[in-house]
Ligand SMILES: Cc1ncc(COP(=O)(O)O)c(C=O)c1O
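A lone chain, given as structure tokens: the form predicted on its own.
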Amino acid sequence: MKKMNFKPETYLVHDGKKSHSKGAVVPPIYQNSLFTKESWDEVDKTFDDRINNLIYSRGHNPSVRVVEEKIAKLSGGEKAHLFPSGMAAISAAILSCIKTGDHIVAIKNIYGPANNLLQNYLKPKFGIEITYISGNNVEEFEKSIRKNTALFYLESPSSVVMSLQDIKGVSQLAKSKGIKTIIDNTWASPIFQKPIAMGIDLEVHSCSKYIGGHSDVIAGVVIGKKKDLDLIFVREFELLGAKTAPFEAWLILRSLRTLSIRMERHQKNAMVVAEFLESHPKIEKVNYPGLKSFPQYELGKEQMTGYSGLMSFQLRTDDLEKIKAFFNGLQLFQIGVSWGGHESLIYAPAISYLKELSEDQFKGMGISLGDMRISVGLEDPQDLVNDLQQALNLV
């Protein structure tokens, strides 16, 4: 029988195997720490290829593996490894690409903890040099290259300001110079953006966001070529003990079945909210790549097939009391630091960035006290608009 090629929506619903526990429609959770063998020779053979064989759940586990295979295929990568958090995935990916004394070119508006890893850990402990750029054009990357440049670190769209990078152009430049590339693709999810197809070496996600989607799991993933992921397995994954528990993997597998449907609803709701905010007199600007007014709208259309539910906007006031009145006055938008779940959330980036960054770094990111980040969830969009309206009336 000829093997069929399925669209992502179909592939995510089916696990591709009919051998799970006597026809169980949902694969079981392999909640075990080790895998026993029948003989000396079988153990010996297993250790000859520990990258692929089941030995100990710090390495491989069937519950984890089925998720890794599914995410790798969805993203267009040869292989993927799950990690116990998004930061564990980011850290492993970066460490796999650098050595002492190397130089990294990074987007200045990257995820705060990722910036802390570069600036406050790798730089002082290992002499890593870092150049921060806006990333708005390929020329910026080219001008930042040094003899010891080992890595371009991208995040497109980026944190807070949602700026884009020309993924294909940057990847081509990097390959011509022998430089590795990593992108945080959490915002778009593998549904709406395929960086590996555009030449990126390693793609990372916080699975706590859209891939998990239910605000009940912490995990991360790194996706790329088999040779790169095998090296990460024996070094940054296995040696640092960054394993994902079987139950967390099972929760992610559950979530993947509805990822495509959820992303469509996030996009639909976000467009309604973004257009409302853009037209409101108390809003200075809205940062959302799906709006035609977004400065990089055309680039977004070229490299993304859709838009998620995360955006930011700036209140037209710098009065902290008025800002707090709006922030605290929302009823449906809950206050929280994460995003990408079923529920709508709001966060003021200034709260944490002022604690994590110097005053000069904070100003360099182009963020003000009045900048709000919202994650538009799966509620009725008109209810969300009404909630924003009543809170804006308090400003």
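Small disclaimer: the values here were computed from a predicted structure and weren't measured. Sequential numbering from 1, following the sequence displayed.
Below, we turn to the form predicted together with this ligand, even though it does not appear here.
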Heavy atoms within 4.5 Å of this ligand in the predicted bound form: which stretch in 195-203, 269-277, 218-226, 253-261 meets that?
218-226
Distance check, residue 171 to this ligand in the predicted bound form, heavy atom within 4.5 Å:
no
Contact with this ligand in the predicted bound form for residue 209, defined as at least one heavy atom pair within 4.5 Å: yes or no?
yes
Non-hydrogen atom contact residue 248 with this ligand in the predicted bound form at 4.5 angstroms
no
Would you please decide whether residue 165 lies within 4.5 angstroms of this ligand in the predicted bound form, comparing each non-hydrogen atom pair?
no
Within 4.5 Å of this ligand in the predicted bound form, heavy atoms considered, which of 289, 86, 135, 77?
86
In this chain shown alone, the residue from 159, 91, 189, 115 with a heavy atom within 4.5 Å of this ligand in the predicted bound form is 159
Sequence-ordered residues of 313-339 touching this ligand in the predicted bound form, heavy atom within 4.5 Å:
339
